[in-house]
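Shown here is one chain on its own, the form predicted on its own, set out as structure tokens.
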């Protein structure tokens, strides 16, 4: 019988994690469940560091970025010894269910832990990368997109005024979902993603064609995982004569108040996570597809890679004439 559940935020922080913690606690408490918030990601499970959470403890956090439970990278959790310690902590505290709020790395850790414990585990996708297989969207993605769009709109003003080319780097070390959505919605002339790389000659030719049409500025949105952007800037200047500036948006994309969309997903995912545990489902993640909440096994999500919609790249290209 489900009596005690744990909640942990792991990996990179994402706006809306606090709203998800709040939803888990305030769904669980009326059901008679005790909630333990493990601190600093998986390190809290290894070191048995936690705080008791009740409805008042999560008051006033729905609008806050970051995570009140904090999160760090935990190399020890990648070892058998670390996972064993985490399993022992769950057993020691008689934790019947564990809600893991995080992204792909967090879910790989959760899947490894699930093999060492009888505690039921449910994952809540929260990452600005939006790269979790099985769900169309993750908590925090919409906020990061809107943050980047707001900043690039300002950069566009300068690009037009000075007739420059700006290469704007957004987050995304391995995947290009953020760059793709941001690039499309700011009207970028080119979008560079790690999955496909780029052809410098084609980009230079695009800029030259734009100049012939009367355009005097361009925005190129690149994911941080794309290599060679500094070299590309030099090539563009040499080939086209345009001034080129490289701007890195950085960690501003992780912080800030979550948007209404990110808060909504957090509320829905958090409630669904508790319901999934109460229904005696285990080793699942919460997903949203076509506005319907579903679940998928942890094994499935960690074994597959979410496909990038390259048709959106083509659409962005057509609209940037």
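Positions refer to the first chain, counted from 1. If you're wondering where the values come from, they're calculated on a predicted model, not measured in any experiment.
There is another form of this protein, the form predicted in complex with ligand F6P, and it is not shown here; the text below is about that form.
Site annotation in the predicted complex: the residue of 237, 245, 173, 216 reaching within 4.5 Å of ligand F6P with a heavy atom is 173. Comment: ligand F6P is not present in this chain, but in the predicted complex one of 73, 227, 162, 94 has a heavy atom within 4.5 Å of it, namely 73. Here the chain stands alone, but in the predicted complex its contact with ligand F6P, taken as any heavy atom within 4.5 Å, falls in 164-172 among 109-117, 79-87, 164-172, 197-205.
Ligand F6P in the predicted complex comes within 4.5 Å of a heavy atom belonging to residue 251. In the predicted complex, at least one heavy atom of residue 128 sits within 4.5 Å of ligand F6P.
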